[in-house]
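Take a look at this single chain in structure tokens; it is the form predicted alone.
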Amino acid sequence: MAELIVALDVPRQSTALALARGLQGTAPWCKVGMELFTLAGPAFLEKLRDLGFKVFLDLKFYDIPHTVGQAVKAAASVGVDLLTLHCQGGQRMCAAARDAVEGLAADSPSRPLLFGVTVLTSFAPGEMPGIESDPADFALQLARQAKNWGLDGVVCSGQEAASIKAAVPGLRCLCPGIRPAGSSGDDQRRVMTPAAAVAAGADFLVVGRPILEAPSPQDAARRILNEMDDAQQQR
């Protein structure tokens, strides 16, 4: 069953907290990315957990293996449920992240899921520096490696989810760039509707601005959840 993650990509901690409170009981997950984490820090993650949310920390770790392993341990210590790292960091970096998770004590506050970023949804064909492959082909190549490296899933556009799920059974797909029909694509290039993403096999759908900028974020989230439920029933 696909799950909705609301991206709290806003410039103020107070705004993010108000949005989260308004979404209690509707969306199960909140995403904290670079902007909000830089402003609010780890303490904000605890506030989200106190409100009953699962927490997706989207910092896209990409560094030497030791540094990434330590960062994963730090994220786990503050109760993160899912985090991201770049697949392009390579096998040793991803293995260090996996070793960090497997080395956590059984009573650790959280043993986060590790998702590898394949190709950012802001990239269109021909826009990836130094990479001539089509984004879909490159995403599939990285997804195959991510499975072998012990990651739980990958971050990909909804357009790549079906091919990845078919080629790499058991690997979960988290899809940003989700836009309800008629919504602006903003700075995203490879977008997909909630229904189409669910039909393609996405496990997590990340939605930000279509919810955050709606007159009623809670109503917008409910409409997306209803669309996801309808698509799930038709699979």
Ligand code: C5P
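Quantities reported herein were computed from a predicted structural model and do not represent experimental measurements. From 1 onward, residues are counted along the sequence shown.
Unshown form predicted together with the named molecule; subsequent notes refer to it.
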*With the partner removed from view, which of 194 to 202, 52 to 60, 65 to 73, 164 to 172 is the stretch that lies within 4.5 Å of the named molecule in the predicted bound form, judged by heavy atom distances?*
52 to 60
*Report whether the minimum heavy atom distance between residue 80 and the named molecule in the predicted bound form is within 4.5 Å.*
no
*Can residue 9 be called a contact residue for the named molecule in the predicted bound form at 4.5 Å between heavy atoms?*
yes
*Is residue 97 a contact residue for the named molecule in the predicted bound form, using a 4.5 Å heavy atom cut-off?*
no
_residue 151 within 4.5 Å of the named molecule in the predicted bound form, heavy atoms_ = no
*Among 27, 48, 36, 207, which has any heavy atom within 4.5 Å of the named molecule in the predicted bound form?*
207
*Could you tell me which one of 140, 117, 114, 93 places a heavy atom within 4.5 Å of the named molecule in the predicted bound form?*
117
*Taking the named molecule in the predicted bound form, which residues along 21 to 47 bring a heavy atom to within 4.5 Å of it?*
31
